Every structure is written in C-alpha cells, then in structure tokens.
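Next up: a single chain in structure tokens, the form predicted alone.
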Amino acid sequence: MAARRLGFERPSGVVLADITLTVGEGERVALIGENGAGKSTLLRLLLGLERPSRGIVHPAPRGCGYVPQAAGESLFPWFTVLKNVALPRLAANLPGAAEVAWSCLREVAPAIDPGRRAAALSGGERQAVALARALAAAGPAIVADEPFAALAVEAKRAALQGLDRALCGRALLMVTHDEAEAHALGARIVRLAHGALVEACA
C-alpha cells in the first residue's frame, strides 16, 4: 500500500498535506503523532474508505485485516468471540475458519473464552478480539488503529508478543501513541504533525 503526494481536506480545513508513504511487502510501520495529526485519516485513505482530495493512493490489498479505532463497536455482540474472529474467513467462504480463529485467539487473546458472547466482554477484551479477527483475515497485511489502547498491562504484553509471532511475514500498518509498542514489533516509525510527515525513521 502506498500514498504519493496525498492531500485530504474537509470543510473545516486541511487534514493531510503532501503525504508520500510506502508500506512494503512484509514491512511493519507505526504512525505516531498527537491527536488530530491525521493518522487515522491516513489509514482510512490507505484502506480505500475515504477518497483523497489530491494525490495518488495504492490501497491495501483486498482481504486485509483491519482493527478500527472503535474496535469494540465493530464486533457483533450477539455472536460468540470465536464466531466474531472467524467472520473474515466465513464471509470469504474460506475453509478452516474456526481453526484459524482459535489459533489467532490463542496468540493475542489467550485469556478470553472463545465461547463467550461479545456483549459480555470488557472494552479491552473487545479490542483484543478485534485484533484476533484482523489476524484471521486472509490478506497480506494488517491495518490497525491504536489496537492496544484499551488493554491492561499484561493483556497488552501478551497481544504484542502474539501479534509479533502471528504476522508471519504479513505487512503491518499501525497507529499508536506509544513508541514502545512500535519498538516491540520492530516497526519503522513514521511521525505526523498537523497533517504532514515530519520524520520517517529507519
């Protein structure tokens, strides 16, 4: 996925200006910046969920896993945890959906009972389940908007370690406020401020 000289505006003003960014195959990239810097908007543009005002976007390939900022609200509350995680593969009619869902849950949410209803989960548990669901998708990349923000310390440690293992060569583009998360995943850090790239570290 890539953006070249990307710009995005809303009626309230410029959100992103002249952004050029490439996430290569298997690369891990963390977008870091203050609230309002444009990180979530850039993610949505790279997913094809928004249209740029100018510039070129090569969006994430179809079937990529996505953890939205309001991750808990993206779950189906009346489904079990396991069914929520299996949904990307069930929707794509891929075999082994339940088995893959079990594996992803063991990696990033090992303390959560797969048989529980999503409605009974805490905010942090819902976020961990949403991350497992993204991992269960068959696409070559995971795009995640602050996927660890609601997790307690031990749950975050388990999720970070599990994600590191479970990516298995897939690309990762992640928004975070915590550089330690980026370092734990070996991600290249890209900083945004006021809608512009201010630093791209190797």
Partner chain sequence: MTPAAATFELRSPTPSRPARRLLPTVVFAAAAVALWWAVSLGAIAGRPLIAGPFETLVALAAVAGPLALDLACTLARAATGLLLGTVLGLLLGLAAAAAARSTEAPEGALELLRSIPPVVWLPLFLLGLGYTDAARIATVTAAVSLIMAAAVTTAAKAPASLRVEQLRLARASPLQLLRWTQPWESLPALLVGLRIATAMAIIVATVAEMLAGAPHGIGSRIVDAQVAQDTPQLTAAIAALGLAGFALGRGLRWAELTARALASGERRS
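Quick caveat: nothing in here was measured; it's all calculated off a predicted structure. Residue numbers count along the first chain shown, from 1.
There is also a form predicted in complex with its partner chain; it is not shown, and the following applies to it.
Novice: Tell me which stretch of 60-68, 34-42, 166-174, 146-154 has a heavy atom within 4.5 angstroms of its partner chain in the predicted complex.
Specialist: Heavy atoms within 4.5 Å of its partner chain in the predicted complex occur in 60-68.
Novice: May I ask you to check whether Leu75 falls inside a 4.5 Å heavy atom distance of its partner chain in the predicted complex?
Specialist: It does: once its partner chain is placed as it appears in the predicted complex, Leu75 has a heavy atom within 4.5 Å of it.
Novice: State yes or no: in the predicted complex, is some non-hydrogen atom of Leu87 no more than 4.5 angstroms from a non-hydrogen atom of its partner chain?
Specialist: Yes, Leu87 lies within 4.5 Å of its partner chain in the predicted complex.
Novice: So, in the predicted complex, is Leu49 in contact with its partner chain at a 4.5 angstroms heavy atom limit?
Specialist: Yes, Leu49 lies within 4.5 Å of its partner chain in the predicted complex.
Novice: Evaluate Lys83 for contact with its partner chain in the predicted complex, applying a 4.5 angstroms cut-off between non-hydrogen atoms, and reply yes or no.
Specialist: The answer is yes: Lys83 has a heavy atom within 4.5 Å of its partner chain.
Novice: Which residues in 103-133 have a heavy atom within 4.5 Å of its partner chain in the predicted complex?
Specialist: In sequence order, Ala119, Ala120, Arg126, Arg133 come within 4.5 Å of the partner.
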